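Okay, so here's just one chain, in structure tokens, the form predicted alone.
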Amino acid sequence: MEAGNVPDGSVHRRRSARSRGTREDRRTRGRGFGSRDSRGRAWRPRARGLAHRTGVQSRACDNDRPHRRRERRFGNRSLQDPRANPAVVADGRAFQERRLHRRHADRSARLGRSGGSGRSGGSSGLVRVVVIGGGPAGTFAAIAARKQDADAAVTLLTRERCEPYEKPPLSKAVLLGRVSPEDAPIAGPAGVAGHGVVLETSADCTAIDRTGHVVVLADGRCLPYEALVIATGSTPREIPQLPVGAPRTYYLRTEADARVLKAALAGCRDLLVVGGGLIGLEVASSGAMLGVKVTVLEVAPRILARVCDEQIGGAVHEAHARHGVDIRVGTTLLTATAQRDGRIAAVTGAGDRFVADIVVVGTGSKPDDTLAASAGLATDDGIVVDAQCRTSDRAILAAGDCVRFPGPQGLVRLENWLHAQDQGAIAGRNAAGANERYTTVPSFWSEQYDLYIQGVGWPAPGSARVHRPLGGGRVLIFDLIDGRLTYAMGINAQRDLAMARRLIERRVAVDATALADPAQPLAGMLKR
């Protein structure tokens, strides 16, 4: 859940967004769970193909369109109760009304439509596909492989003890106590088993025997495969002053991390956050909303330096200041020591001293490519793959945060919610016999207080910057090269950024003067 949309080595954060709603979305807009028809019957959306599997992430139902994020009101029914509505995922955006948005229905249908074109298992025998990693890339790879080849035996291995879940809410809604991780299963209420995938939890893979085509587990078992997908994700980037496991020190990566941190925040008066990137600032905003005094230390001259420009970073900084968060930029952490009362005393390079009940470290992440490297696969700050997600071993594919793949300017690593899903699906289908290429327009999003921060596209050196004034605290910025939009970012500008994504994807020629004029609708530029 984690920093920038910058190619070639910089980590691209987070959650992504698409703009197109499904036909079912348009038909049912404005009708929520709890509505009743003229005969008094409770309304539910009709199943359309595989679209009733509402747990599978929808590419089309996204955060770019707030009117597609339908509110659900449950009265006294708790969000902790899965019966309240197991098919929704908390976005943590409208805290007073606990707004929720539906996810996954379109993506499940999309995966279903892609099935049936690969090898069938008949004359060639049963195809065994093993997927390592229970995050979005691994989960989508497993589901896509099963859809591609209905006869394939697909096994998903995860180190965690639970069904794969969405991680974006961990730093926001989960910490605030609005939802639990189990409220957001990636594969829907029926889990990956509902898609014909075998899930093995608490499965720690220790080695890959490429010659014997088997995965070796910590319990001594060996799982054979014809095709293997590695989706091991990323791990927190530790700092020596506060290593993982240090007392009262937290690195947020998993649902277990979120539960422990949430409990710690309940009795916390002073919170120190090391790192002014997206994950650190999301935790800081959650802490401030819980009434905790928060201090953030950031080594760069400004927050969000790898993600946003100075204008957007400044707007986010101001929002934190309004909520009482003390942000110290250009500040290094020199030492951190435990006091007699257990609290942590942190001393900066400038000699300032801060004492905190707990410390959260959000200094980025690194690809978890250890398993691949030990198996002799090519790695370079991530597992190196081609456009079809294949590694240096043709029988092994990889996807998600752990890989470096061909981008517009060479190999790139993205840490991105939608990227993990899309690339995972491509890797899964190719593992089951397809031969598809992976291309993407990357994006990120972050929610802090009432700010919805987004970026979409590939930032590139030498681009011309255009500011589009929107007013009302909204910000929208474009980057152009040779008359075409390459990147856009903004605050609370979801509709405009949805249009910007389409302009980027279609490589539409645009006029900088028109982009700067809010009276010129972006949708009209698509028709030129």
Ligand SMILES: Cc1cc2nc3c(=O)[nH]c(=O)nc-3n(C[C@H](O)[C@H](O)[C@H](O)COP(=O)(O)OP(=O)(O)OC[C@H]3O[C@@H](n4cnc5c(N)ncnc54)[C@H](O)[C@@H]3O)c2cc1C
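Numbers follow the displayed sequence, beginning with 1. All values reported here derive from a predicted model rather than from experimental measurement.
This next part talks about the form predicted in complex with the ligand, which is not shown.
Can you check whether the pocket is open or blocked when the ligand is overlaid onto this chain using its placement in the model of the complex? Blocked = 3+ ligand atoms within 2.4 Å of backbone or C-beta.
Judged against the ligand in the model of the complex, the pocket is blocked.
Residues in which of 145 to 153, 338 to 346, 381 to 389, 233 to 241 have heavy atoms within 4.5 Å of the ligand in the model of the complex?
Result of the contact check: 233 to 241.
Can you work out whether residue 270 and the ligand are in contact in the model of the complex, taking contact to mean some heavy atom pair no more than 4.5 Å apart?
Judged by the heavy-atom cut-off of 4.5 Å, residue 270 is well away from the ligand in the model of the complex.
Is residue 183 near the ligand? Define near as a heavy atom within 4.5 Å, in the model of the complex.
No - in the model of the complex, heavy atoms of residue 183 and the ligand never come within 4.5 Å of each other.
Report whether the minimum heavy atom distance between residue 404 and the ligand in the model of the complex is within 4.5 Å.
No, residue 404 sits far enough from the ligand in the model of the complex that none of its heavy atoms falls within 4.5 Å.
Look up in the model of the complex whether residue 228 has a non-hydrogen atom within 4.5 angstroms of the ligand, and give yes or no.
So residue 228 does not count as contacting the ligand.
In the model of the complex, does each residue in the set 128, 163 and 375 place a non-hydrogen atom within 4.5 angstroms of the ligand?
No.
Heavy atom within 4.5 Å of the ligand in the model of the complex: which of 420, 360, 281, 397?
Checked against the cut-off, the match is 420.
From the list 204, 352, 209, 318, which entry has a heavy atom within 4.5 Å of the ligand in the model of the complex?
Residue within 4.5 Å of the partner: 204.
Going through 136 to 171, which residues have a heavy atom within 4.5 Å of the ligand in the model of the complex? Please give them in sequence order.
136, 137, 138, 157, 158, 159, 160, 167, 168, 170, 171, in sequence order.
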